[in-house]
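Form predicted on its own, single chain, as structure tokens, below.
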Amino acid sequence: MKIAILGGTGSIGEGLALRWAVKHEVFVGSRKLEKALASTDKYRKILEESGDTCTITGCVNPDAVDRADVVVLSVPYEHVSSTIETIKPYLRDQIIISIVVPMKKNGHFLYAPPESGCAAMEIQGLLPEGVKLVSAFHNVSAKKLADINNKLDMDVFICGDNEEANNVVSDLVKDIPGLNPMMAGPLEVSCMVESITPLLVNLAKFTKKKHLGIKSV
């Protein structure tokens, strides 16, 4: 499968690129080509040093989307609208995975949803018809994901309104050893999943336990 990761030079983008590039064709997207190419070189070197073969390419966001079957939106919330406006001419029938969490910081982190109730619902309103949106990967530790020698053991909550798209994302979760996909409901309940992210960050800060994830027991 061809996967574009917008914000692929960031922390969770790095982890997803490293984990998927050994099984899929990955396009690391950025607003700046130089940044995408530098990150791609870094990721390729990490995988080659571990003995893995990979297919990974750096490019600007529109080019990444144009080549992809699945597009991961892992940009900061404040850049969502401008990013979608840039890639909209290249959107056809791709599946979009939103990892976006609107947060604000005031000594601690707070969930700061838009008027639509959550980032996922706002994003859905910005996308053209025919593009399927799924919300996932919000509560995965970016640090652990990016360490390919780390054995993962976390659940990934998936929210979406299209069963076919949900199943594609579920399979992509399973492609990363140690991650377990769990359907959490339709897209509108993404607010509950998104809000767990600032909770985990606060727990890490106040309990001094770094890089927390979720495991349902």
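For every residue, the number given is its place in the sequence shown, counted from 1. Small disclaimer: the values here were computed from a predicted structure and weren't measured.
Keep in mind the form predicted together with a further copy of the same chain is missing from the figure; the text below concerns it.
Chemist: What stretch, of 71 to 79, 102 to 110, 89 to 97, 125 to 133, brings heavy atoms to within 4.5 Å of a further copy of the same chain in the predicted bound form?
Modeler: Contact-bearing stretch, as computed: 102 to 110.
Chemist: Is it the case that residue 213, even though its partner is missing from this view, gets within 4.5 Å of a further copy of the same chain in the predicted bound form, heavy atoms only?
Modeler: Yes, residue 213 sits close enough to a further copy of the same chain in the predicted bound form that at least one of its heavy atoms falls within 4.5 Å.
Chemist: Residue 188 near a further copy of the same chain in the predicted bound form, any heavy atom under 4.5 Å?
Modeler: Yes, residue 188 sits close enough to a further copy of the same chain in the predicted bound form that at least one of its heavy atoms falls within 4.5 Å.
Chemist: Would residue 49 show up as a contact with a further copy of the same chain in the predicted bound form if we use heavy atoms at 4.5 Å?
Modeler: No - in the predicted bound form, heavy atoms of residue 49 and a further copy of the same chain never come within 4.5 Å of each other.
Chemist: Residue-level contact is defined here as any heavy atom of the residue lying within 4.5 Å of a further copy of the same chain in the predicted bound form; does residue 168 satisfy this criterion?
Modeler: Residue 168: no contact with a further copy of the same chain in the predicted bound form.
Chemist: Even though the chain is shown alone, can you say which residues of 188 to 217 have a heavy atom within 4.5 Å of a further copy of the same chain in the predicted bound form?
Modeler: Those in contact are 188, 189, 191, 192, 193, 195, 196, 198, 199, 202, 203, 206, 207, 209, 211, 212, 213, 214, 215, 216, 217.
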